[in-house]
Structures are given as C-alpha cells and as structure tokens.
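There is one chain below, alone, in structure tokens, taken in the form predicted on its own.
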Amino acid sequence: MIVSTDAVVLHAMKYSDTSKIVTLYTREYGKIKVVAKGARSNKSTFGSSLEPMTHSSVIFYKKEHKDLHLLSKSEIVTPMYRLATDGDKLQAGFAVIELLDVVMHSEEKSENIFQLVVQSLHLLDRSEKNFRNVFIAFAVHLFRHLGYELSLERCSRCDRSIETETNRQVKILFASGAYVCSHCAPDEHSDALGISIGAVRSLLHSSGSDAETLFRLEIGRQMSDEIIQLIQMYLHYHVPGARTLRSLAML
C-alpha cells in the first residue's frame, strides 16, 4: 500500500553501501522505520530531507505486519536553516527528538504530539537564546499528552498554592507528578525528588507560556539542571527500561 504523510525525522543510520534506515514520527502512522535506498549516494533525490529534526513530506510503501517499510519519496516541508547555527540550540533539538523516540511505541500515532514536536522544532529554529526552555516546555506538554502530567499548582496533600510557598525546597512525586509542599514533605516517603521551589515555578511558567514569553523566561543554569534531572528521573519511572537520554547529558 502506497501512503503519503508528513513526518519528523528522529534518527537515521547507515544501511548497506548507499542506503539508510530512517526512523520517522509521522502524522498518520506514528513512529515507523523506512529503508531509504540510495539515500547516501551523491545522486540521491532525498537531499537533506532525511536529516534528524527535519519536517518532511514522505511517500512510502507500507507493508502490513512489517516493522520496516520502503521509502519512495521525501521532501522538506519547511526548512529550518537556523537549527544548525548554534551548538546549544542543536543539542536542545536532539533532546526533543530523542525524548520522543524513547517514549513512543511503533505506529502509536497522536495528532497532538505530532503538532507539538513540529511546533517545538520551529520555535527552536527561530529562537536566539534560552534554548533549554523549549525542550523543557516540550517535555512537560509531552508528559501531559501521554497521561502522566506534572501537577504543580497546588500541594497534593494540603492544597497550598505554589505561589505561597516560602521554603526553598519541595518534593515532586513520581507516581502522580504532584508537588508536595515543604510542610507536608517530611511525611512523604514515596518515590519523590527534592527540588528547589524556583525550579518548580520555572517549570510551571514554561508549561503555560506563549512562545515570546518562553524566549524571555530566564532560568538559571542550576535550576535548569534540576529540571532536566527531574525530567530524566520522571521518564525512567513512567517508561520502565527507558535509556538515559544522551542529548540530556550534553544539555
């Protein structure tokens, strides 16, 4: 069956002398793998449309009950030339697609998640600073779509607002994604991570901000390191066997 869909390139690897095996997250079919014959040849018609983070329009032969399909055509939908102009920006982009690759099962589609990854990559492309913010916002929204949303506005024990918290550290419960205030935290013995109140507030703001606010939001290096550690540990809790994200280590 010949099908056509939009896709974001997650990963590409060498296959034979001239070809590639490419992992795509597609709008219509979720995560799939395709063979791109001749993609490494100088005469390839695929051009740069199979590079990681590229938003492309693809046509492929979908084989029922098979894990590997045959790519026929691929063209870039919207170029993102500026993604490669800054090492930190590029690393944040790799973190976005690596996280998506880890959490999504084969052929598990979601229009919301597809739109989220495309929008996040385009935000990164046009951003000039605070690249980590885009990845953090992507992760928070992705967890929400997957059913394990972080709930950070009020303490899950006493309903205290995060805005009235005065102590420096609170806890995030891995099972529920809820925050526990400093007054209730000493009684909390379940799987949890202690985190600064500033990091939690930054998480809350990044998850609800529009693009321009997101670019202006200044999150200190120490706080963003805390948030990235939380994302990694939260991922391991909810996706058993998930590997440590190499791109997060670079971030």
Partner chain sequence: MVYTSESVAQLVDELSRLPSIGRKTALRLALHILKQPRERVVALADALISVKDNVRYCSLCANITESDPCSICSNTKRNKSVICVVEEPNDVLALERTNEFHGLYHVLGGALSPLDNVGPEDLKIKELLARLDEPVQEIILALNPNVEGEATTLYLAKLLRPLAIKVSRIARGLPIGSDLEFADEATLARAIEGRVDIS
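Residue numbers count along the first chain shown, from 1. Only a predicted model underlies this, so the values are computations on that prediction, with no experimental measurement involved.
Keep in mind that the form predicted together with its partner chain is missing from the display, and what follows is about it.
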item	value
Contact label in the predicted complex: Phe94 to its partner chain, heavy atom within 4.5 Å	yes
is_contact(Gln229, its partner chain) in the predicted complex, heavy atom dist at most 4.5 Å	no
Interface membership of Glu51, its partner chain in the predicted complex, 4.5 Å heavy atom rule	yes
Touches its partner chain in the predicted complex: Ala84 (any heavy atom, 4.5 Å)	yes
Triple contact flag Asn42, Ile76 and Asp88 to its partner chain in the predicted complex, non-hydrogen atom at 4.5 angstroms	yes
Interface residue in the predicted complex among Gly194, Gly47, Gly208, Gly38, criterion: non-hydrogen atom within 4.5 angstroms of its partner chain	Gly47
Contact stretch among 153-161, 138-146, 166-174, 95-103 - heavy atom within 4.5 Å of its partner chain in the predicted complex	95-103
Any residue of 16-39 that, in the predicted complex, places a heavy atom within 4.5 Å of its partner chain	Ser16
